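In structure tokens, one chain follows: the form predicted on its own.
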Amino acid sequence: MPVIEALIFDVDGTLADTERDGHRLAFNAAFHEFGLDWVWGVALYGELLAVTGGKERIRFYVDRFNTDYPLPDDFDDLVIALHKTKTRHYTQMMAEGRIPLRSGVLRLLNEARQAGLRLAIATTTTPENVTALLTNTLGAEGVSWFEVIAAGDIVPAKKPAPDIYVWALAQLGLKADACLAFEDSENGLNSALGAGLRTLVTINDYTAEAKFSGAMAVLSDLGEVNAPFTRLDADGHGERGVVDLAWLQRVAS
């Protein structure tokens, strides 16, 4: 197997557990600000996560769960305005330090940087959300840790389409077999696999029951020495440990 040269990370649910107590609350705050009586509860939001992209998620909600809502003539403009307002609320939450990185993420990022690996992001969330997360968890220089940030509408087709990963690989100038992807959802996994990437999945509350067929490994998280991960896929046999570069090279081989 080629030596691993780059790690490519999804953001929401992968770098940080942002969905339930981050994006969901920010959406609700935006709806309230616009005088809408829409409230996305925890269970409903889990269903909405079947669709990637915030604007797409709003449209999916109206089409599937709020069919009595009378669509205004400027609905497309409303969706854009709602999403912009939601992003403002989300970045404020990040600035307040309310959403930390997931277990093991900072440790692995630091190890990868020290070893000279290249880092990239491939996500459907907005560039503003990515910047807010990185600067408020890694510091002012956090964005510069990542050579490529593929985010938002930079490609027209969202995950599970492979386009965002294909674009990131092109910017890195690397073939898929020289990289590993990190995801937390079936849509994300299918996107990475479609681009030919071996993919490690770390589950969260919303994705714990998914099958993740084709994943390199499925873990509870990346693990820390005093709080090791639990491996959940059949090949792992309940292994516990920490994800470091040596572990990644072994499992990816």
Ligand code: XBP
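Since the structure is predicted, the reported quantities are computational estimates derived from the model, not experimental observations. Note that residue numbering follows the sequence shown and begins at 1.
Below, we turn to the form predicted in complex with xylulose-1,5-bisphosphate, even though it does not appear here.
Taking Tyr61, Phe31, Phe212, Tyr45 one by one, only a single residue has any non-hydrogen atom within 4.5 Å of xylulose-1,5-bisphosphate in the model of the complex, and it is Tyr45.
Taking His89, Arg102, His83, Arg118 one by one, only a single residue has any non-hydrogen atom within 4.5 Å of xylulose-1,5-bisphosphate in the model of the complex, and it is His83.
Of the candidate stretches 69-77, 140-148, 177-185, 106-114, only 177-185 has residues with heavy atoms within 4.5 Å of xylulose-1,5-bisphosphate in the model of the complex. In the model of the complex, xylulose-1,5-bisphosphate sits beyond 4.5 Å of every heavy atom of Arg198. The closest non-hydrogen atom of Glu19 lies within 4.5 Å of xylulose-1,5-bisphosphate in the model of the complex. Among residues of the shown chain, Asn136 is not one whose heavy atoms approach xylulose-1,5-bisphosphate to within 4.5 Å in the model of the complex.
Shown alone here, Gly53 lies within 4.5 Å of xylulose-1,5-bisphosphate in the model of the complex, counting heavy atoms only.
Although xylulose-1,5-bisphosphate is not shown here, in the model of the complex the stretch 125-158 places heavy atoms of Thr125, Thr126, Asn129 within 4.5 Å of it, in sequence order.
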